[in-house]
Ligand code: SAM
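One chain comes next, on its own, written as structure tokens: the form predicted on its own.
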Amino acid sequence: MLLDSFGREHNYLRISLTERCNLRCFYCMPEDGVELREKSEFMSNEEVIQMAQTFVQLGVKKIRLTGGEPLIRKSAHDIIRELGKLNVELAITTNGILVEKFIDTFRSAGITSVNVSLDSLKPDRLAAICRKDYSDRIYRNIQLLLNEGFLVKLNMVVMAGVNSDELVDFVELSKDKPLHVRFIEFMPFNGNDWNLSKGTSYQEMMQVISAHYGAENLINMPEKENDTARCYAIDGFEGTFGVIGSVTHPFCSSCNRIRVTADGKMKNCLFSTSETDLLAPLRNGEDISQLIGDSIQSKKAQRAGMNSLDDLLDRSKTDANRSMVSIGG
């Protein structure tokens, strides 16, 4: 088992397949984009599989593929099918644009759960956030996933004055559909011009939702081990909603997540500015298990050592991190 110094077992790996994306969401990708690098700086298909196999041998039980947008990688079909052969729960987070081309691949790899990033139900607003307009295609593919029997979670980054007035609209999606909506607090990363006033806190979201539906109609869903979201359902609704409060209500005490970037760097925390290069030693034929274990042992108790809002407000700390698109979420 991959245990850190606080006794937390790390059995959930997120692998980024690419830094590139077919959207340019302003909270994720810097306005000028990310530097385009040589293909050789990123993991090959075989290296992605080898990396995953090593983590599974060390106790990882779940792997989630992320990006950028993972489905734009030319070899995405092959990678997904190969990872599906591992003794692990496989999941994926996507913007939904290319989903219709991957239904059979998802099935063959044993993927049953798909997270779709969706930040507005208003086409013009979504286009402004994403800097591109694919709203019809995304909505259609969300319905396709539901029709095909996949567990679908919608991830919405909630930003004050941008889309925070759509909280109830998103909850309403769970009324007659088995959708699981996840509201995510806006988080600081390099290039996204974050500040606290641009976010909407867990408490503010719950106040809006409670005021609309009545607190007596909110059902607390049973907590699962290592949950990042505090989850609820509205009485009589088919689906659920939850809030991921990484800024104001961090879930670090039960964190079980590890991240590997598309260029083969391990991050033991989303907010960490330090990384462990796994790709170079892997290419040298070295056993990377010790590097992985050492990185987990060095993990801080909370948000890579940023224990307060004052720490998050220090942009010299958060700007030293990567942009979200090059981390993988």
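Sequential numbering from 1, following the sequence displayed. All figures in this text were calculated on a predicted structure; none of them were measured in a lab.
Separately, the form predicted in complex with this ligand exists; it is not shown, and the next lines address it.
- Only one of 235 to 243, 183 to 191, 74 to 82, 101 to 109 places residue heavy atoms within 4.5 angstroms of this ligand in the model of the complex, namely 183 to 191.
- At a distance threshold of 4.5 angstroms between non-hydrogen atoms, residue 324 is in contact with this ligand in the model of the complex.
- In the model of the complex, at least one heavy atom of residue 93 sits within 4.5 Å of this ligand.
- At the 4.5 Å threshold, heavy atoms of residue 261 stay clear of this ligand in the model of the complex, well away from it.
- None of the heavy atoms of residue 229 is located within 4.5 Å of this ligand in the model of the complex.
- With the partner removed from view, the residue among 152, 167, 157, 255 that has a non-hydrogen atom within 4.5 Å of this ligand in the model of the complex turns out to be 157.
- Put simply, of 117, 163, 141, 200 only one has a heavy atom within 4.5 Å of this ligand in the model of the complex, and it is 117.
- Although this ligand is not shown here, in the model of the complex the stretch 41 to 67 places heavy atoms of 66, 67 within 4.5 Å of it, in sequence order.
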